[in-house]
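What follows is one chain in structure tokens, specifically the form predicted on its own.
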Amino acid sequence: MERYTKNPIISRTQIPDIPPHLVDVTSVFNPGAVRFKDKILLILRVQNRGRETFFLMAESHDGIHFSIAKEPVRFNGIENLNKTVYHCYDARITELEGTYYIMFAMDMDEGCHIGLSRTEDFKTFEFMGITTAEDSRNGVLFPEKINGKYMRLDRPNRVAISDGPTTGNAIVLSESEDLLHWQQIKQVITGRFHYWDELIGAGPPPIKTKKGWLQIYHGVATHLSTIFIYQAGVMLLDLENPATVIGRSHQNILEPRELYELTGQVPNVVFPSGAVVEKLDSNGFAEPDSNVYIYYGAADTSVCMASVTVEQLTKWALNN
């Protein structure tokens, strides 16, 4: 991928002070991204000095220079949960049947779960509910139904890391009739022990191409003593049966190299969570020569952007 030469595009100093919780914030990272009307919107994960997390919207006409909202996102109805929610973070945005759905991680007493919200205008947000029964993270919706069902990729947290939270080494495909109750279909890929993607998780929502669904994912190398390295790869899934993997990149396609990726709150991290496709045809397929703008968190500290074409992503996914 080609990094934007003036990364990071959003850093903590650009976040407006919003008393009492967001004043002189610590970091901004892992954005969800979507094209909405004539703008590109991001939903930013912002962390304050108390290590509390908030979502802020940002908008841009060129996908690089963003203005940031002066009020946090509020999910109407989440206050009715009879449970404590400590953090909401790492949102992914999918346009589906004319509505914009936001899946995000929710840290709770019993672990991490995937929450779902929807909006029509990115000004008011309705909390729909918790969509997982087990500890899970990195939920991403497909942008259309497949064989009459809603589809989702997510990462169950079933791997215990010494002195760390439970994480995962498999991406699974699930289906639903109503977006709230999900049934796991199949494990799609697993981590590759001793290589760049030992632990894995889905990135931005899948991109529809005539050769299959392109799914960018993150991989974590954990075998380098106490250093974890977050990188990005890509796989190609069958259009009619996304449980079938057509190809998967053998090597990473983005890794921490720049100073803003190597140093920060969590060093050695590139975390892709948003993608905007420049050109779609009338049937919703991404054009092969279209640019894809990838928005990612760098070192859990800032927001960066990299670009790549659909054709390049497909080629890398098939280079396995």
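Each residue number is its position in the shown sequence, starting from 1. No experiment lies behind these values; they were computed from the predicted model shown.
Heads up, the form predicted together with beta-D-mannopyranose (BMA) isn't pictured, but that's what we're talking about next.
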| property | result |
| --- | --- |
| Proximity to beta-D-mannopyranose (BMA) in the model of the complex, single hit among Ile64, Val266, Ala69, Leu280 (heavy atom within 4.5 Å) | Val266 |
| 4.5 angstroms heavy atom contact with beta-D-mannopyranose (BMA) in the model of the complex for Arg137 | yes |
| Asp300, heavy atom within 4.5 angstroms of beta-D-mannopyranose (BMA) in the model of the complex | yes |
| Contact of Tyr230 with beta-D-mannopyranose (BMA) in the model of the complex (heavy atom, 4.5 Å) | yes |
| 4.5 Å heavy atom contact, Tyr89 to beta-D-mannopyranose (BMA) in the model of the complex | yes |
| Answer range among 123-131, 89-97, 190-198, 238-246 for contact with beta-D-mannopyranose (BMA), defined in the model of the complex as heavy atoms within 4.5 Å | 89-97 |
| Residues from 49-84 in contact with beta-D-mannopyranose (BMA) (non-hydrogen atom within 4.5 Å) in the model of the complex | none |
